[in-house]
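Have a look below at one chain only, the form predicted alone, in structure tokens format.
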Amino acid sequence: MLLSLISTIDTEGLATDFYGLLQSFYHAPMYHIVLEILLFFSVMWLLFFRKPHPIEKKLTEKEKQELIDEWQPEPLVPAVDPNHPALNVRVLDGPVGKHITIDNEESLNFATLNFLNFVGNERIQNKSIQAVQKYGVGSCGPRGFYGTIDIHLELEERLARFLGCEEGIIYSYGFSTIASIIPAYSKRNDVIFVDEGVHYAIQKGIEASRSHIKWFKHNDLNDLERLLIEQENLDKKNMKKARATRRFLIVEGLYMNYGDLCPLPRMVELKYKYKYRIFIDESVSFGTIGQTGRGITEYYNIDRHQIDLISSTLEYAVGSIGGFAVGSSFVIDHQRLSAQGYCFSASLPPLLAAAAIEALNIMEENSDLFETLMYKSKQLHNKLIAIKGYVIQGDYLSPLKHLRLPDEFNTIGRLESIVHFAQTKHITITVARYLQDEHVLPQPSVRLILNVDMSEEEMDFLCAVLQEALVVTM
């Protein structure tokens, strides 16, 4: 009787509990039920299906030694051809001016970027000597740590005044100038539109920025506008993100790898339509293009205030070392806190700042220097076109030109043969060199640089040697 009563009570209690469980499931939130089911299956997997990690077998000393003996480490650097041109440079003796001395033989220099023949200029040398006597040779400190000298501030002020901008900033190394400037402004998630023909320093700068890079075909405005329209459509899908995204266009005034000018007027028009900032690197065009050598903006008669930042080197036309940027005070001051090449490099040696200032003095006093250079560039261009067998690339106004052979003959080996033959005739030219990780590797070419002091007879002699080189080497 007692057992029967207990059995009845248990049955009723179990039924009540089961009913309550069903009710709790019915009223429980769905996420709670899903979570409990996942927990249940996780426990089942841990109990019945998870395999224990095998106990690792300890190696004997002999086995360890055998593994060590078999290990072959990767080389620290890849193998390099001992005949690579960079390992077999021609050593010069004396100033790298219009004439240079190689292996005790003098030759005409059409290879270095000394456009205005300021290297070896007596006025510039005397000012440099005076600076050494006053300041010594180096600065031994970054600009923010006792490396700022009064002559640095003078040079910055002169550069800004020369280009009609509010403020300027100088760097101690030309390559690090634009390579430091770009990542100082453009950050992760920003967008950079960049010509695929830009030189290597710009490529390293945009790589360091970690921004979204959109390459457009060299000097192809239709391709640029296609990318701008694509970006505009993306921005419309996420307006909140678009408001926080900065957009930059980065070009060269005169392209080092091609010798042609950028179509700046149309780019300025597109700037106001698609809302981006323009950075121009005028490393080649500064001191070579424009009626007074003030670069691509002067050539196209564009207000420099429409350009957000202009950068250049002091190592080409100016004939010194370092680089600079000019723009509004708001833009330039940001670099003093954020540009790595400015913040962490020892400042420009005072003698080089003095040399750059004197070079600017000469440029301001002799504005006909630039008309002469552009006139001679046209002359040389026409003379080169008249030579049968070469393909000439570069604007007719550009003092930098690239010579190529027809496609099937245009190899580094043949171009090197032309360079070596020219050297036997006391003409120094060079094959353009590029690193293998360039974004777009330009076609092989001989790069010609015109010095403003070259006479028409000397240009004729160059062309005669190039014509003869075709006959001898092809």
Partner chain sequence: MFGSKQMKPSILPAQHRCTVKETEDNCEFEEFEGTPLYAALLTYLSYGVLCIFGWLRDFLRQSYIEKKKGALDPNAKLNFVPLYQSYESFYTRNMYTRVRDIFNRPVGSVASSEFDLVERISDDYNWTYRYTGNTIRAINFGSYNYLGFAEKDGQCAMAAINSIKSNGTALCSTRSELGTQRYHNELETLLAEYLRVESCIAFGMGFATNALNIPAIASKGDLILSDKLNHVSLILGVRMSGAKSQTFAHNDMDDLEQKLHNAIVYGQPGHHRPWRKIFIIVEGIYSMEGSICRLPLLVQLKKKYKAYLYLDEAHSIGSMGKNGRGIVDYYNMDPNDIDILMGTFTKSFGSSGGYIAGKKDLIDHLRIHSHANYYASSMSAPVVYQILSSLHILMGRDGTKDGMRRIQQLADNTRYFRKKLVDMGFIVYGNKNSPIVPMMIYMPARVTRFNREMLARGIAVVTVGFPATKLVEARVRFCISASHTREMLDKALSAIDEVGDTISLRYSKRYEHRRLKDLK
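C-alpha atoms forming the largest set that superposes within 1.5 Å between two forms make up the rigid core. Residue numbers count along the first chain shown, from 1. Predicted, not measured: the structure shown is a model, and the values here were computed from it.
Absent from the display: the form predicted together with the partner chain. The rest refers to it.
Colleague: Within 4.5 Å, heavy atoms only, one stretch in 379 to 387, 174 to 182, 361 to 369, 291 to 299 touches the partner chain in the predicted complex. Which?
Modeller: Heavy-atom contact with the partner occurs in 174 to 182.
Colleague: Is it the case that G253, even though its partner is missing from this view, gets within 4.5 Å of the partner chain in the predicted complex, heavy atoms only?
Modeller: Output for G253 is no: heavy atoms all beyond 4.5 Å of the partner chain.
Colleague: With a cut-off of 4.5 Å between heavy atoms, is I213 one of the residues that contacts the partner chain in the predicted complex?
Modeller: Heavy-atom contact with the partner chain at 4.5 Å: absent for I213.
Colleague: Does any heavy atom of G164 come within 4.5 Å of a heavy atom of the partner chain in the predicted complex?
Modeller: It does not: once the partner chain is placed as it appears in the predicted complex, G164 has no heavy atom within 4.5 Å of it.
Colleague: Would F421 count as touching the partner chain in the predicted complex under a 4.5 Å heavy atom rule?
Modeller: Flag for F421 set to no.
Colleague: Quick check on this chain: which one of L373, I170, L113, L228 has a heavy atom within 4.5 Å of the partner chain in the predicted complex?
Modeller: Checking each option against the partner chain in the predicted complex, the one that comes within 4.5 Å is L113.
Colleague: When you measure heavy atoms, are N222, E468 and V472 every one within 4.5 angstroms of the partner chain in the predicted complex?
Modeller: Contact check failed for every one of N222, E468 and V472.
Colleague: Scan 128 to 153 and write down, in order along the chain, each residue with a heavy atom lying within 4.5 Å of the partner chain in the predicted complex.
Modeller: Heavy-atom contacts to the partner chain in the predicted complex: S128, I129, V132, Q133, K134, Y135, G136, V137, G138, S139, C140, G141, P142, R143, G144, F145, Y146, T148, I149, D150, L153.
Colleague: Would the C-alpha of V91 be classed as shifted by 2 Å or more between the shown form and the other one after rigid-core alignment?
Modeller: No; that C-alpha moves by less than 2 Å between the shown form and the other one.
Colleague: On a core-based superposition, does H420 travel 2 Å or more at its Cα between the shown form and the other one?
Modeller: No: H420 shifts by under 2 Å between the shown form and the other one.
Colleague: Comparing between the shown form and the other one on the rigid core, is the C-alpha shift at L435 2 Å or larger?
Modeller: Shift at L435: below 2 Å after core fit.
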